Ligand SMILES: Nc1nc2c(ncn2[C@@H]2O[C@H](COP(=O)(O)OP(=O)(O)O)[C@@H](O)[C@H]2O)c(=O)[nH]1
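A single chain, nothing else alongside it, follows as structure tokens in the form predicted alone.
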């Protein structure tokens, strides 16, 4: 899942280490012990280094492209650089310990970057019925993610119903019905071209009448620049007041994840994220960027095509895999 980013981070560690303390071609002879103070100074000169802020800036100018290639946002790169400065600039460090110290700084930084606010889904689900509305671009994997979350809810002994709020994309209702058949979940739908706010409203009423725990509402894929569709999304939220607005993002999108989320957030307020196709994208930087820059709760990572392929977000596990 994170092979590319892991490789790039390890390359960065090596590059920083080599630039700060390049290996000497010939082993320098230790001076004879004449005076203790003199000897200690000489030994320190050969075994310890003192790194300047300018040196770190110079190094990061060279390695920034490595991190950008791994879909790490500029803001996240700046965080890594500044944290490294805090830990090594102006301090005497043994050359033999330098690489280990840099790795420790990176690990600490990654843990901080991946640590996003948490949502207790089970607490959210205490309300009956709970309404989750799924948002996102075309092809981000909203409908499949809905089905996976339905499967996850069923594993918690909770009932659910689908609302076919995507009444525009051809075969979208049929796709949702196919998932419904496999999961034994009813689908509330209108005709194609119907008002999605009304479809979701009817699904909530149905859930109330049938004592169903959760309504999972699909919506049409839309770009954040399409004003009419964003206005329609605002109406869906205004009419139905969802308990959770979940933005589903394709992890292969790269750094445009940041723009997507900010635009949807400005329009209707994004409560949480699900990142899909993390099994296909081995770069991993998009997850790091989304966590650090957006500071939105990440509920799940999509890791495959089956209903079981939904991994609960664990920042410590990701940090361990990266460093």
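Numbering follows the first chain given and starts at 1. What you see is a predicted model, and the numbers here were worked out from it, not measured in a lab.
Only in words, not in the display: the form predicted together with the ligand, which the text now covers.
Contact annotation: the ligand lies within 4.5 Å of heavy atoms from the stretch 134-142 in the predicted complex, the single such stretch among 134-142, 202-210, 121-129, 96-104.
Taking non-hydrogen atoms only, residue 279 approaches the ligand to within 4.5 angstroms in the predicted complex.
Interface membership of residue 303, defined by any non-hydrogen atom within 4.5 Å of the ligand in the predicted complex, is confirmed. Looking at residue 81, you'd find every heavy atom of it more than 4.5 angstroms from the ligand in the predicted complex. When the ligand is considered in the predicted complex, residue 245 lies well away from it, no heavy atom lying within 4.5 Å. At a distance of at most 4.5 angstroms from the ligand in the predicted complex, all three residues 148, 169 and 175 contribute at least one non-hydrogen atom.
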